[in-house]
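Only one chain is given next, in structure tokens, and it is the form predicted on its own.
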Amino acid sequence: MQWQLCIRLIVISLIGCLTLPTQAATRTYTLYITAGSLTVNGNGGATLSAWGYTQVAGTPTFPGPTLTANEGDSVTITVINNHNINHNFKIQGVTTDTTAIAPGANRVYSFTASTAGTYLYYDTLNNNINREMGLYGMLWVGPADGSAKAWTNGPAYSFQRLWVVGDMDKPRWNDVAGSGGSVSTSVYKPNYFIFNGKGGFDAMNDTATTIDGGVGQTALVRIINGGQFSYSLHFHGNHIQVLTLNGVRQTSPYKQLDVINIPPLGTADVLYPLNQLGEYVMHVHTAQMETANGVYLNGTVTMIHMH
């Protein structure tokens, strides 16, 4: 009996050491397209007519809801058009169906999340007007095992931040399109620069936007640009390590920069090591884009807190 007990204990021990394969999940999302408004608070702020996505029929959010998956997951997204003009839905680098969704109709998009990374979803119709009005958001895909790594066996991070930048031309685009008028797309002079759906005064105090951590930690910052201008983001306090750029995974040793340019519809994944105590700023290297209707510092800006 003693030898049987020993064998049983050995078997239990071996089973405990086995690593079982991660089971792929099924992710289901519903996005409603509808009209709403975006309010930029503080000096220079205003309420802009906007169109956006929401996961519950009602008021849209800006940017659109964050969608997430892990490698191998089956993803189904139902997009329902509750607006009064045609829209569509595309995930850059993932889906190719750009069929129009008529008012009151819906369309279903299904795919397998195959590659970890950061992706932009948006409306491609209406000569960029639909996107400019706020119809864009982020999908990010993590490694199959759900670990805090940029991809399977990739660089590790302590926490992550999701940054979505964009721009709006209130008098020539938003006011006109929001009232059902015809936008002259030959002139685009944005006067609002939106960071995670906020102006800079709010973004500098938004804990979901600021990089806030202890010395020795590392932040993974996922960035997408839903706007029509390029954004040269300048990190103070340290250099970033560029992991992916516009969907292309970079090779180690990763390039170190303190400014990274994100073009329209561009994406990037970067690591920001927190290496010294202090308060530092992250801003954009174009003065106009740091403003709300010309008022500095209410545009693309946030804070880095190392403690």
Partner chain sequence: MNTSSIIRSAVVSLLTLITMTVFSVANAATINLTKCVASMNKTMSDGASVNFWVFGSGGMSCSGGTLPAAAIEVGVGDTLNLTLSVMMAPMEPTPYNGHTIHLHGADVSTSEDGVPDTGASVMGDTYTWTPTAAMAGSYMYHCHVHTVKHLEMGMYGPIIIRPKDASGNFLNQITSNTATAFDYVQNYVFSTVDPAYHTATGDSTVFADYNPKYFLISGNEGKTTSAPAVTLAAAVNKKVALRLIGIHSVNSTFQIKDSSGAAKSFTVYVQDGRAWPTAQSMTSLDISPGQRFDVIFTTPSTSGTWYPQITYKKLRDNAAYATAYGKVTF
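Numbering follows the first chain given and starts at 1. The shown structure was predicted, so the numbers you read here are calculated from the model rather than taken from an experiment.
The form predicted in complex with its partner chain is left out here; the points below concern that form.
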*For the chain shown here without its partner, which stretch in 63 to 71, 50 to 58, 27 to 35, 250 to 258 has non-hydrogen atoms within 4.5 angstroms of its partner chain in the model of the complex?*
250 to 258
*Should the three residues Gly166, Gly213 and Ala219 be counted as contacting its partner chain in the model of the complex, with contact defined as a heavy atom within 4.5 Å for each?*
no
*Exactly one of Thr152, Asn82, Ser230, Thr112 has a non-hydrogen atom within 4.5 Å of its partner chain in the model of the complex; which residue is it?*
Ser230
_Give me the residue from Pro190, Gly142, Gly178, Gly197 that has a heavy atom within 4.5 Å of its partner chain in the model of the complex._
Pro190
_Check Thr185 for me: does it contact its partner chain in the model of the complex (non-hydrogen atoms, 4.5 angstroms)?_
yes
*asked:* Residue-level question: is Asn238 within 4.5 Å of its partner chain in the model of the complex, judged on heavy atoms?
replied: yes
*Could you confirm whether Gly42 comes within 4.5 Å of its partner chain in the model of the complex, counting heavy atoms only?*
no
*Is Leu265 close to its partner chain in the model of the complex, meaning a heavy atom pair under 4.5 Å apart or at it?*
no
*Looking at its partner chain in the model of the complex, which residues in 265 to 297 have at least one heavy atom within 4.5 Å of it?*
Gln276, Leu277, Gly278, Glu279, Tyr280, Val281, His283, His285, Thr286, Ala287, Gln288, Met289, Glu290, Thr291, Asn293, Gly294, Val295, Tyr296, Leu297
